[in-house]
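The chain below stands alone and is given in structure tokens; this is the form predicted on its own.
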Amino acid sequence: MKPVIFGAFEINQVNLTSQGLWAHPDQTTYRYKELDYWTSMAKTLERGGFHFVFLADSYGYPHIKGLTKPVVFEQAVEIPNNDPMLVIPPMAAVTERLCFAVTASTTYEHPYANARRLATLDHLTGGRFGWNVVTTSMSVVSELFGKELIPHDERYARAEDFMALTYKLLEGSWDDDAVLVDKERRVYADPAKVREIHHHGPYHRSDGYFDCEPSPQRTPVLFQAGLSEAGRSFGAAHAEVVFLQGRDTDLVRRQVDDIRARAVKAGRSEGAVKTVTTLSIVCARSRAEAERKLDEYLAYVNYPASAAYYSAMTGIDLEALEELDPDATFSSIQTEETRSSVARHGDEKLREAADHILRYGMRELIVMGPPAEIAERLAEYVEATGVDGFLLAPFTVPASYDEFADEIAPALRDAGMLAEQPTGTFRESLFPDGGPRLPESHPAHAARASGAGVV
């Protein structure tokens, strides 16, 4: 069995997908404001052999039909919520191998400011950094920023222009050998090797020098999660890691095959994009004990909070099913908000899918039992789907991570599924045969070659 990628799914707030689980006796996510919470977590994740921690983020919170319900505040549904970028440097400072990925929006961030933050974090982590590219769909975010909600496919058109400018800034402004740090000659950088960037795109414009010198990877490892038609095309063209969703192995296999085929069509190789699917684990001495443990976790789920959370993700109010056809399939629903969260349920009936969402949140694959059985089940899943790895959504923190490090990781190593994370950049850990920079087949290479071209 080949080693697979393991990431940890985190968020800089109280609840991760299971709304109400913050109140469980083993849960410490209420400490998300404390620096030690994050540094301790980082040490545990590295001890457990995780390749990276992924920090999801959004400016939004549940707000549907002009109302934010009291349960949103009572159960901390997406609010309060702190900036995840700021916890990465301290986590990097206490680890050597653990890598980091964070979400930033192409709709509400400015390409120049965003590129500056990306380069800074790539420097501070020694190249152990990735960017999850999102287009942001929540209508409440458009209200917070004083903008009109942009239609779904236009958000991806804006994202293409955002990426084109980002590549010019990160890849095209400074030559690799521009920085000299020559104290004897008192020359920090060779001005002949620093170029102005000129970008006049349909949505973004920028003229001048990028003020960050080249970081270890230049462009961080690129993540993407969109499962709509526009999202899959965007991911196949730009992403190096794509998040997939789905409990059904046949559906996941089709998603994997589709992404790989689209990558080839975009001029990249099948192996240029790693696929990762979400996972939750309940470890116990027996399957029956694990099922009891899962029921105990889910007993803390607050259903009205879960419905509010889902409305924030999709714009669909599960507490108002009478306004929809409960026997309709999720695949028939169109929304200008996040389509991936709708597409994940495919042809499930709305009534059935709603029951699952309210109970399990956004959790898809849940594997239960003793460590050896968990490793066996994951190996079977990889064989059936072709995915490259898993993103673990914990039930409780730090208990879920301690359990993984102490009990599950050894079983995965015995099965040949978990290899020691090497030192070096994030990109090199994912693609050992490549270097720290994006390959020539990636669209960023054109920015590297053209430098100051006006588009």
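Each residue number is its position in the shown sequence, starting from 1. These numbers come from a predicted model, not from an experiment.
Just so it is clear, the following notes concern the form predicted in complex with another copy of the chain, a form of the same protein that is not shown.
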Of 361-369, 268-276, 234-242, 86-94, the segment with heavy atoms within 4.5 Å of another copy of the chain in the predicted bound form is residues 86-94
Would you check, heavy atoms only and a 4.5 Å threshold, whether S40 touches another copy of the chain in the predicted bound form?
-> no
Taking heavy atoms only, is D414 within 4.5 angstroms of another copy of the chain in the predicted bound form?
-> no
Verify the contact flag for H24: yes if a non-hydrogen atom of it lies within 4.5 Å of a non-hydrogen atom of another copy of the chain in the predicted bound form, no if not.
-> yes
Exercise: A444 in contact with another copy of the chain in the predicted bound form, heavy atom 4.5 Å | no
Though another copy of the chain is not shown, can you say which of E74, E380, D295, D250 has a heavy atom within 4.5 Å of it in the predicted bound form?
-> E74
The listed residue (E403, D57, E428, D388) that reaches within 4.5 Å of another copy of the chain in the predicted bound form by any heavy atom is D57
Heavy atoms within 4.5 Å of another copy of the chain in the predicted bound form is the criterion; list the residues of 181-208 that meet it.
-> V181, D182, K183, R186, V187, Y188, A189, P191, V194, E196, R205, S206, D207, G208
